[in-house]
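As structure tokens, one chain now follows by itself in the form predicted on its own.
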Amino acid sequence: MQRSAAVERHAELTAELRRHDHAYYLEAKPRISDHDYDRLYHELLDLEKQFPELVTPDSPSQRVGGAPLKEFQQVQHALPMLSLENTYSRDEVKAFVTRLQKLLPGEKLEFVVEPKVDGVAVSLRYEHGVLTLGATRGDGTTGDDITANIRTIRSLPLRLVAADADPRADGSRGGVRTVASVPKVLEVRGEVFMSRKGFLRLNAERAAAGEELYANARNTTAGSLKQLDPALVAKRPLEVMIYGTGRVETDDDSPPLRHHETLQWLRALGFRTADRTWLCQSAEELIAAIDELDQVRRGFAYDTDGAVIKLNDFAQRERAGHTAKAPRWAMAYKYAAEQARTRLKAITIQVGRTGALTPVAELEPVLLAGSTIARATLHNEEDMRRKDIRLGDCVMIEKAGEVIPAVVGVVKEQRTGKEQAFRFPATCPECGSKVTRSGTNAAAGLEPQESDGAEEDNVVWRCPNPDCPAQVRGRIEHWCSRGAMDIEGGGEVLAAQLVRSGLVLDVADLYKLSVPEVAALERMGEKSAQNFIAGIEASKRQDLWRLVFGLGILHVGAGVAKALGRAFPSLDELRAASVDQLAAVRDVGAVIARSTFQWFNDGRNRALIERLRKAELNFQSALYHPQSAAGPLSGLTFVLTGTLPSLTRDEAATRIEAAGAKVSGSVSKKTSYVVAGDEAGSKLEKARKLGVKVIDEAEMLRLLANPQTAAGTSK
């Protein structure tokens, strides 16, 4: 093909593929089959292979992802990305309107209500219609440059087209003609998310490959955007919903001056915006809109966890202003966890890694928060007795944190008299060993992270057999988990296969595995096996506290493991410590000290430690320093809540603990600071009630850099 013909055909293919992407992803009305789309796409790829100079940043071929990045670069937002104040209270919605009326006396107020998409906030910059930058929110002022990852999202236009341009390349919807020209500079703000269907498909693919399933769509989305390999991100079913603008520079076609018209303008440019919005003039209309959104949101293709309320008029927004953290002209109303009623058909018992027996409710399937629920946790025998749960009961279930289904109560007026009390088995359902009763502060099967082990409440039945297959599987899975040794791929499915095949009987056996052995397992390919073995090799360098946590010592959660890592320089010194020495460590009480001492003095466990030593795992603690109490923030307690702009909670906790402070999982009067990120929940509310100082990530980092400014630090 001659170059001139190639240029013309490339332009035709690019326009046609953009049009079909728009029809498929924004209008949900595909106009051609997947086969025909793939044919056009591969024709484009062949042309670009023959004529590389035809490849441009906005070509449809660039959605597959380029070369892996070494790290994310930091970029500054042209306008700050402020977070929203959250509420669960209708009274606070009314108070919000009242405050604005006082700030804007005598002015007529109009609000827009739109769905709060459960995703990850991003800022996107277009110059002369071409996508040039994608960035995370970060600290609101500075974020990570994730342009390479953003380009892979097919529902996002790489090039904007004015609505009066050639309709074959048109980015508008339904013949709308409202945009005369593309802005010279346009920043848009939105949420990257996964649809429910896309998330389920991704997990189905992982299950088929024998890989660990992802917990929820939002966390998976956040993790995907933080991947350094755009080719991997391109395989994730990411989408983006645009909800507003940042900086806008135009030559002649000025953008709208009201939010509702702006959303229409953005859709005409080719962006996906909210499925439904409501215009309201009063608090009563706002509450009615919030209620209506709650009724229809389950029909959306994506998860929503609330409603966003914004002043419609941009000039009024300017006059209302904002605080250091949030605009005064907007707020988010979050919905309470949805509940559903169903029938308890049976109760099964699961055995955890510590031998804890957890009752699980087998339910008549019921739709809850967009998914069908057939099983839910019952916590433990004591909780079942307190709620008087019986076989055959009509029960209420809800998703704790919109993720984990749990039975929260019984509808006793529905009882017929045929319901039966449940008796815990006398023997382990996995190995037949006689079960014993022992105390723990956690619900059965959920090991404590910050417990001091001081209360022996005798609510948990346990299997005492350390060779119980269920316990072995649980210990392997726990060792590989992200909070412990962080070995990718070592989830429930693979752990079960390794134990069932006899390849792995304890965690030390993992370090003898080979790629061919793992690849030979059912539903495991060569590439997955290589990644798993590489993860095992990398785990040898993990810090001591992760190893200690990974060992699964009863009552030793991640917080206690870190405390031990601060107090002892090596595993050898830790295992040589007496009960009194262990109990003297901050956050380690008498019960934990006895449990830890007994574990390290068990012959089987000593042999395991020596095998891990032979496998060359790191036994040294990076958290240790001889005078732990002399840390600059010693004596302070921090609580982390919500999603921080630039740090994961683990990263933030590591920095805080390295300065000598404690990171706790709960707020009390003794808490020094609560570090709140986006979508902070009940911990933030409790901190405000108790008068605990609330700071953001930026202020936390300033404290770490200048610890003398923190109240109560050691001198």
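Predicted model only: the values in this text are computed from it and were never measured. All residue numbers are counted from 1 along the displayed sequence.
Separately, the form predicted together with 2-(butylsulfanyl)adenosine exists; it is not shown, and the next lines address it.
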| item | value |
| --- | --- |
| 2-(butylsulfanyl)adenosine: the contacting residue among V117, L564, V639, C480 in the model of the complex [heavy atom, 4.5 Å] | V117 |
| Candidate from H379, K310, R297, K387 lying within 4.5 Å of 2-(butylsulfanyl)adenosine in the model of the complex - any heavy atom | K310 |
| Partner proximity in the model of the complex: L82 to 2-(butylsulfanyl)adenosine, non-hydrogen atom cutoff 4.5 Å | yes |
| Any non-hydrogen atom of I349 within 4.5 angstroms of 2-(butylsulfanyl)adenosine in the model of the complex | no |
| Interface membership of R137, 2-(butylsulfanyl)adenosine in the model of the complex, 4.5 Å heavy atom rule | yes |
| Touches 2-(butylsulfanyl)adenosine in the model of the complex: E419 (any heavy atom, 4.5 Å) | no |
| Which of 83 to 91, 607 to 615, 470 to 478, 549 to 557 lines the interface with 2-(butylsulfanyl)adenosine in the model of the complex (heavy atom within 4.5 Å) | 83 to 91 |
